[in-house]
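Encoded as structure tokens, the following chain is the form predicted on its own, with no partner shown.
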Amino acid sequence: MSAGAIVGVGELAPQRYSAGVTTLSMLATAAIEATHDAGLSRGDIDGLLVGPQVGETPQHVPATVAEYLGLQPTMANVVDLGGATAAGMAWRAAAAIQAGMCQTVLCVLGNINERGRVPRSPNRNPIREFDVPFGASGANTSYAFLAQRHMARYGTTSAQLATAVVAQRENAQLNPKAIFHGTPLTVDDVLNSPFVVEPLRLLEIVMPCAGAAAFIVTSPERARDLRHRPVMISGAGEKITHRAMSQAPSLTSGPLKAAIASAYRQSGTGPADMDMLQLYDCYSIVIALTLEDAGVCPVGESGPWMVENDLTWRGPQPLNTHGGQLSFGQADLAGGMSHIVEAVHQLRHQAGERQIADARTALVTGNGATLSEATALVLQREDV
């Protein structure tokens, strides 16, 4: 039995750089679009979930966003799970509704990306002591470790990883909002792009951009009276294992395995029941690891599996039909929310040219830090 339903979505088209806008204004635009999509008004929203350190304000983030949007929620909070934040918001919203704290929750993420702005992290934490002095200075390095380990242990090749990137780019050619819409890609293009951190190349790493996205969760009972067919949150899972790569329990699997298993168990489904895979894809290697952790293919065999199967919207179990973050765009934490927005469009049968035939069930994942914060959702059409 679902505890919540997604009834409205909104999303700005990602852009490489933003100028003359604030994060708050981008959040507002996505929120208004989601509210209108649901057929609701601002007064119907009494719950609010936002990301951490929203652009202009490092503290009191929910209150700042609520004030800007003209909301007076009875439940508000920050969800701080990196790329796993969006999926983490979904089950928290449903839980708050089930607990009677509110009836309808706005979940919204986004950020600006100004030309020339260099992100700085003043935090002092164990990563600075145990990882950075040894060269693990950022996400590119950490994910390259994962790729190197998978290649060494299972024989996975760069060409196999590039296959998934190319399939997602093909999907993006049917999505006008995708930042790489109109720019097809081949495996050779990926393999000929420069190394960023060996073995990862430029075209298998997300490109930072600006944007925002939002979705609205309400009770299944109320959802049935609204504009669109509800998309039920049938299962959810979450697990956190570490922060610093030096503390990771494994380099070839992650907490997503447990999170996805929980989502399957709650929804009474398994990998064979999924009509689509909307998997967090900050790097090509994350796609491979997630396919294995989700049980879509055997452990260690994601490389050949990705080559042997059609991962585009035409295939039997398509991957990231909006293009994924690698081709749709990773607008900060909103990049992880794009997988939810796409799943909702597909399950409503509103995905246009890239629509999957009779789509009913979707697996959505989120991944924060370096395979350390994991969230998973099973979303289903209301009539499943």
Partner chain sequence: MTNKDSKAASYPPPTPTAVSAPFWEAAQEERFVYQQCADCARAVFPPRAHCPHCWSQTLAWQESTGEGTIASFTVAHRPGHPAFAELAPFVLALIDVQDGFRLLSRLTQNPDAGLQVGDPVRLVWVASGDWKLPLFEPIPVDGGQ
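Predicted, not measured: the structure shown is a model, and the values here were computed from it. Positions refer to the first chain, counted from 1.
Unshown form predicted together with its partner chain; subsequent notes refer to it.
Between the options C102, M274, A136, A261, the residue in contact with its partner chain in the predicted complex by a heavy atom within 4.5 angstroms is A136.
Q247 is the sole member of T183, Q72, Q247, T157 with a non-hydrogen atom lying within 4.5 angstroms of its partner chain in the predicted complex. From the list 183-191, 147-155, 228-236, 73-81, the contact stretch for its partner chain in the predicted complex under a 4.5 Å heavy atom rule is 147-155. At least one heavy atom of T141 is located within 4.5 Å of its partner chain in the predicted complex. Under a 4.5 angstroms non-hydrogen atom cutoff, its partner chain in the predicted complex lacks E308 among its neighbouring residues. Proximity of D131 to its partner chain in the predicted complex: non-hydrogen atoms within 4.5 Å are present.
Within this chain, E198 lines the site of its partner chain in the predicted complex, having a heavy atom no more than 4.5 Å away.
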